[in-house]
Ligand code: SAM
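So this first bit is one chain, no partners, the form predicted alone, shown in structure tokens.
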């Protein structure tokens, strides 16, 4: 029996209908829109079909490092349809914004990628996004891999509330000051860190937050040598000093938030140190505070330095 027109329409394959809706959506949104495209942090299989289309079809592709992005395109078998690939990084972003806005306002679709993961998270792009929004240009996220979220998910620490702090300062004195400000934060904390600074940062974290605070170091996420280290900050700092592999590759540190009890204890210790520092040098104040509290003298010395001596 020949199929009627109605039966043909109702019998259309579901996957064809979904594909048509997706393509219609892309075609409707592409002109004059800025796409923020997440790319793999290691495993190329994590590149989504939607991200692949944006990388292939955007009229202009902005990359933190054009050489790195061209390698990604080649590895994923993506051939650009003639559109340009231009750089946009921390050193040229501000100067490039007028040119990019002009392209967008002329109807070009623009895709922005960082070297890996989700753009703008400790990567360039925020200046461009703000300018695009102010100019009335549509900004569209093409979500996907993010090292911070991946580490948070596998860490085993509370995920209901968290604060992403990006990279800690490279210098120890500045790092200690930032950590002192975060010591009473009750939310789970997420940091990025350069591998060559991991040991020093873990030591500073243990001194300021306390060596018993639970933490996770996730390195090389989604890559061949992916490793997740869990334990107390003091334990992780010791391991980082002994295990060279721990300091290789991309690193994310996740730390449990401070409890009310820990906040109170930290405030008491800081209060004691401040009182001692009025009359004593840092080293002597730390020595006396260590006797009074049972905490490591080195930890208290660093906390005293972070507090600053009123004696000048």
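Numbering follows the first chain given and starts at 1. Computed from a predicted model, the values in this text were never measured in an experiment.
Omitted here: the form predicted together with the ligand. The next part is about that form.
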**OP:** Among 91-99, 138-146, 233-241, 154-162, mark the stretch whose residues have heavy atoms within 4.5 Å of the ligand in the model of the complex.
**Re:** 138-146
**OP:** May I ask you to state whether residue 221 is within 4.5 Å of the ligand in the model of the complex, using heavy atom distances?
**Re:** yes
Original post:
Does the ligand get within 4.5 angstroms of any non-hydrogen atom of residue 225 in the model of the complex?
Top reply: no
Original post:
Is residue 118 close enough to touch the ligand in the model of the complex, meaning at least one heavy atom pair within 4.5 Å?
Top reply: yes
**OP:** Tell me, yes or no, whether residue 250 is in contact with the ligand in the model of the complex, where a contact means a heavy atom of each within 4.5 Å.
**Re:** yes
**OP:** State the residue from 200, 185, 86, 123 whose non-hydrogen atoms include one within 4.5 Å of the ligand in the model of the complex.
**Re:** 123
Subject >> Position in contact with the ligand when the complex is considered in the model of the complex, options 255, 41, 286, 54, heavy atoms within 4.5 Å >> reply: 41
Original post:
Can you tell me which residues in 178-200 come within 4.5 angstroms of the ligand in the model of the complex, by heavy atoms?
Top reply: 192, 193
